[in-house]
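Encoded as C-alpha cells, the following chain is the form predicted on its own, with no partner shown.
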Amino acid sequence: MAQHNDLGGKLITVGEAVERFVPDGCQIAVGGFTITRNPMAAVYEIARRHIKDLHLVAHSNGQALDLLVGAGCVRRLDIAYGGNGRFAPTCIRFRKAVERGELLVEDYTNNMMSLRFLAGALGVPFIPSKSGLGTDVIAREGFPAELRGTEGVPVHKLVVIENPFADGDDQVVLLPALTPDVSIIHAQQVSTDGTVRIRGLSFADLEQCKAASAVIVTCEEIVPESYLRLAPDQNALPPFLVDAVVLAPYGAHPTACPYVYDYDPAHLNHYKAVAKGDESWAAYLDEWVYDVEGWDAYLDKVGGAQLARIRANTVAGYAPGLDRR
C-alpha cells in the first residue's frame, strides 16, 4: 500500500517537481488552452524560483504563458496563439515583451503546432501539412539564423516542397517535430497507479506529453486505481508516460478546470488591470508570486468564499450564475 500511496515514488511536491525537471534553459511545454486548465500551481512555482531562459512551446495558451513571460522566465517561444479570451485577446505581458524586443517568437498556425507535437509523439522528425500556404507564417521567421540548429531550435522553421506523390503544382509544408524536455499539464484526476484522466477537451496536452522527455501532471485529486478502471475509455495517459504527480487542488486557478471549477473572473479582471503597467505588474508579482510561500498559501490568499463561487456544477461542467463581468 505504501507504494500506491506515493504512486511508486512519483507523488511529489510541486517544488520537488520543478527542481527536478525544470532547469534553467530547458524546453518546456505547458498544457491547457487560454483560460482553461493551465498548470498554474507549477507555473507560479517556476516563477517563484526565478528560473530563466526557458524555451516555451505551446499550442494556444494564456495565463500560464503570460505569467512566465511577465516574470522574465522565457527567452524563446513557439506558439500559435497567446490570449486570455475576452480578458486579453492578446496576453498583455506577452505583447509587451514582443513589442520591446525582449522575447524571440516563432509563429505557427494552430494546426501547425498540433502537428508538430503529433510528430514528436510519433517519433518522426517532421510531418507534412497544407496549413499556412500563401501566408506570412510561411514567409517570415522569428528566430535569428545564428540560433538555427542549436539549443532545440530546428535548422529550418519549416520547409515547403512539391508533393512527391502528385503530378503538377502541389505544395506541402514540412514541419519539424517538437520534443520538449518537459511537459506540464493539469488534470482532474490521477489514480493510485498513475493513470491520468482529463475531463472535457484535452487540446494538445496528450500529444505534447507523448512527445516530451519528462511529464509532470498536477491534479485536483488522487483516486483509487479501481475507480478509473470502471470507465477506461475516459482515461487520457497511462502511468508509464508520467514522471511526476503533484496533488494541487485548484491547481489551474485562475483558469478553469472543467467539472471542478470555473475560471475566476475577479482575479482575471484584476490581472488585466495590473498587467498593463510595469509598476503595478511588479507589485502583482510580489504579492501573488514571490511573497507567497506555496500553493496552499496562494489559495488562502484567494479565499475560500471566492473559491466556492467558482465551484463548477458537476453535470454542466461550469459554474451557472457566476458573475463573469
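Just count from 1 along the sequence shown to find any residue number. Being a predicted model, the structure only gives us computed values, none of them experimental.
One more form of this protein should be noted, the form predicted together with another copy of the chain, which is absent from this view; the next part is about it.
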Heavy atom of V315 within 4.5 Å of another copy of the chain in the model of the complex: yes
Residue contact check: Y298 to another copy of the chain in the model of the complex, 4.5 Å heavy atom: no
Contact flag, V172 vs another copy of the chain in the model of the complex, heavy atom cut 4.5 Å: yes
Distance check, I198 to another copy of the chain in the model of the complex, heavy atom within 4.5 Å: yes
